[in-house]
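Here you get one chain, nothing else, as structure tokens; it is the form predicted alone.
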Amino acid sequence: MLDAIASAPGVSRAGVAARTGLTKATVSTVVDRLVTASLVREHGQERRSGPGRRGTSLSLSPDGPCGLGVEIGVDYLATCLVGLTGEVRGEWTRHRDNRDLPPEQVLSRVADALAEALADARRQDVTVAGVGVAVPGLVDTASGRVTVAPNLGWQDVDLAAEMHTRTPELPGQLVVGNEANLAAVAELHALRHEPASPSSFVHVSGEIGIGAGIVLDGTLFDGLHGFGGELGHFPVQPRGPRCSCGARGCLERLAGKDAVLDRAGVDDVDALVAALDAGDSTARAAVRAVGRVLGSTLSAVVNLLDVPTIVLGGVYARLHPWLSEPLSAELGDRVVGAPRRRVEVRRSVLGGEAAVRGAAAAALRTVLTDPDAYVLRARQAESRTTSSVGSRMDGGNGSSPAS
């Protein structure tokens, strides 16, 4: 029922009954529970054409719980609070180099960032329903274990267990996922509000590493073991520079953020964009070279998967005005069937925020798929709070004060 309301905002109780096959009496009872739990709100009359009485509109509640997303980047940490209706209630980014540090040290930083975000949620009187963590590596989503994250230097890290140890009062469920996959799912939802939005695309997250989230017909495709989309380790130059994964000549060593900054002779992305805006020939040549390498690699992906759209995310989203032309030209030369088989290259709607928002949305999906568990946890938390308040009023001994 909650899914029926989420997928058709403004639907009435009768509409929910028709969509689910449940009786109107059952729908009414459950809707009342969802409204009480602040998961659904009632507002105005439903909008529809034709005769007949219009029911009350139902939609997800903007005053409901939030998901808390965390992205562990190679050179930053980001956190984000996202509500049921997609509104962002807070975003924070901390620029810190996490390379070659012990996982325990990085996860202590994550725990500190989580504590700050949770404190801000309390100040806003926002309920956090779950936490999602985006990691640049191969993730066993069922267990929350990171199999390998080459650019962080991680091998077989039980991230879920480590986080529960460091933040024992972690609210709701903890979800761990690959950053490129979470970014692609977030982008898919954001694109639904765009005109002529694609249902199949490859979202390329360009940072120090390069990840690809593959969406086919509105569904994430992440491979048999959930390890698909490792575009950054596509072999480009067999005798090229050594990669963090141990191989040579991987795409991210030739077209990742560090590579383009080195080619352009600048220290950070802000300086690169300023140089590009100023027409600096070295910066523009660097981005064109990266665009050609990236386009050559993505042409193989397009030929294999037959996707019509490439979405540039992360750093590539900021470089889109200068990156898209050489990238598109390479696709035009290498995609079989071009120019009739045109591939669109578009900028990510969410840019560098896609992964952390995707992590927050993944945490909220645990509520949407199992609202009963959320309602039960909320009742237990309320009961503990009431008991604690009563205990303090009693002087801590559980008895009534003397008259």
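Quick note: we count residues from 1 along the sequence shown, nothing fancier. What you see is a predicted model; the values in this text were computed from it and never measured.
Omitted here: the form predicted in complex with another copy of the chain. The next part is about that form.
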| note | Assert contact residue (another copy of the chain, in the predicted bound form, non-hydrogen atom within 4.5 Å, options I208, A283, I214, V185) equals I214
| another copy of the chain isn't shown here, but in the predicted bound form which of A278, L305, A142, A119 has a heavy atom within 4.5 Å of it? | L305
| task | Would you point out which of 243-251, 264-272, 102-110, 315-323 contains residues with a non-hydrogen atom within 4.5 Å of another copy of the chain in the predicted bound form? | result | 243-251
| Though only this chain appears here, would V287 touch another copy of the chain in the predicted bound form if you measure heavy atom gaps against 4.5 Å? | no
| message | in the predicted bound form, does R341 come within 4.5 Å of another copy of the chain, counting heavy atoms only? | response | yes
| Are any of the heavy atoms in D222 no more than 4.5 Å from a heavy atom of another copy of the chain in the predicted bound form? | yes
| Does at least one non-hydrogen atom of R334 fall within 4.5 angstroms of another copy of the chain in the predicted bound form? | yes
| remark: When another copy of the chain is considered in the predicted bound form, the residues of 140-154 having a heavy atom within 4.5 Å of it are T147, V148, P150
